[in-house]
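One chain follows as C-alpha cells, the form predicted on its own.
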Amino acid sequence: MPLVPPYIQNLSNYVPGQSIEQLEREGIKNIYKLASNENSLGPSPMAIEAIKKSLKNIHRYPDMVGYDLRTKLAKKFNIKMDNVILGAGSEGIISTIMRTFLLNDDELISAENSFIGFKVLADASGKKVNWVPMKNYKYNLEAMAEKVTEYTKIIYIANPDNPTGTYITRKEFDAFYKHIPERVLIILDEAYFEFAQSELDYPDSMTYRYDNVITLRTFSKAYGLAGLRIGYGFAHDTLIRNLMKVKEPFEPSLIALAGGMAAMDDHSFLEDTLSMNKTGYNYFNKELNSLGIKTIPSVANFITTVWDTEDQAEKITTNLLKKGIVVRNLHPFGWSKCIRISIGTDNENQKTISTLKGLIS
C-alpha cells in the first residue's frame, strides 16, 4: 500500500501569480503587479490601525469561535451568529466543507477551467469530480444539473467566476436550483460580490437562504486584506454547527480578526475601491477594444483578454513581464489563449495599456 495516495501523487501544484519579491530577485524593477486580483489601493486604513493595536496581544491565541466578527457579520446581513463561519480565505472554508461532508462514494460537480483553488482542493479529496465545460466563458448550469446523480454531494459555483469575470443571473440560478435535490450542498463562492452586487440580475445568495446553500465571501479583494487570509461563510445553522467541529481551532489569526472587524466599518475605503474599479474597467475595456483585443465582459476587479493563439498570449505575458508589468497567463486554468489583467490604479492601468500598444505595434 503506497504511503502517498495516487490521487495526491498525480495532483498538480497550485501555480500562483508571480510575487513582487520573486521578480525582484530575478532583477526586475519598478514592478506593476496586476496578476492576482489584489486591491491596488492597498489595505483598508482602518484595518491597518486595528492590526497595529492588536499586535500587543499576539502572544495570545485568537478567540477560537471568532465571536465578535461573526456577530458583526450576522448583524450586517440580518442573520444569527450561528449562521456564520470564518476561515483562512474562502479556500480554507472550502477545505473544511469537504472534510466535514464528503463520504465514501460522494461526488462533486463544478465547471471546468474555473477557480483553480477549488480544483486543487477537489482533486485532493480523492473523490470523483464531474468537470463540466463552460459555455461562452460562463458556467453551463443546465449541463451541470444533468450531471447530478444519487452520489452527488457538493456543487461548486464561483459567482462571479474567476478567471473569466462572468456571472450567472438570478433567473439562471432559479432554473438550476429546481433540479437540485435538497441533500446536495451548493457552494456559492462570491469572493467578488462587492464588485458584482450592483448588477440588477445578480443573484445575491443572501436573499435565498436555502438550507443546502453555503455562501462564501472574503476580505481579500474589496477590503484589501489578501495577505491576512480571512474569509467568511453563511449557511443553515446545522451546517455551520458541523463545520465548526472540523475547522482549524484557531483560524483565522488574531490580527486577521482585528483587520476584518475594522475593515467592515471602513465604508469610504470600500467606496473608493469600487469607484477605482469601475473607472479602471471602463478604461481598459475602451482601450483594449480600440486595439482590437477581444475581452470577456467582467463584473469583477479584473478583465480577461482573449488572443488568437496560445503562443501569442504567452509572448504578450512574457514581454509585459520584461517591462515590469505582471499579468496572469491563464494556461494553468485551461484557458491557454487568455490573459487576465487585474484592474489597478490609473497609473498602473495607463502604464499597462501604453506598454501593450508598444508591443503590438
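In this text, residue numbers run from 1 along the sequence as written. These figures come from a predicted structure and were not determined experimentally.
Keep in mind that the form predicted together with a small molecule is not shown, yet the notes after this line are about it.
Exactly one of the stretches 84-92, 243-251, 205-213, 176-184 approaches the small molecule in the predicted bound form with heavy atoms within 4.5 Å, and it is 84-92.
In the predicted bound form, the small molecule sits beyond 4.5 Å of every heavy atom of Ser110. Looking at Phe115, you'd find a heavy atom of it within 4.5 angstroms of the small molecule in the predicted bound form. Taking the partner from elsewhere, Arg229 is found to have a heavy atom lying within 4.5 Å of the small molecule in the predicted bound form.
Residue contact with the small molecule in the predicted bound form: Tyr156 places a heavy atom within 4.5 Å of it. With the partner removed from view, the residue among Thr96, Ser220, Thr273, Thr166 that has a non-hydrogen atom within 4.5 Å of the small molecule in the predicted bound form turns out to be Ser220.
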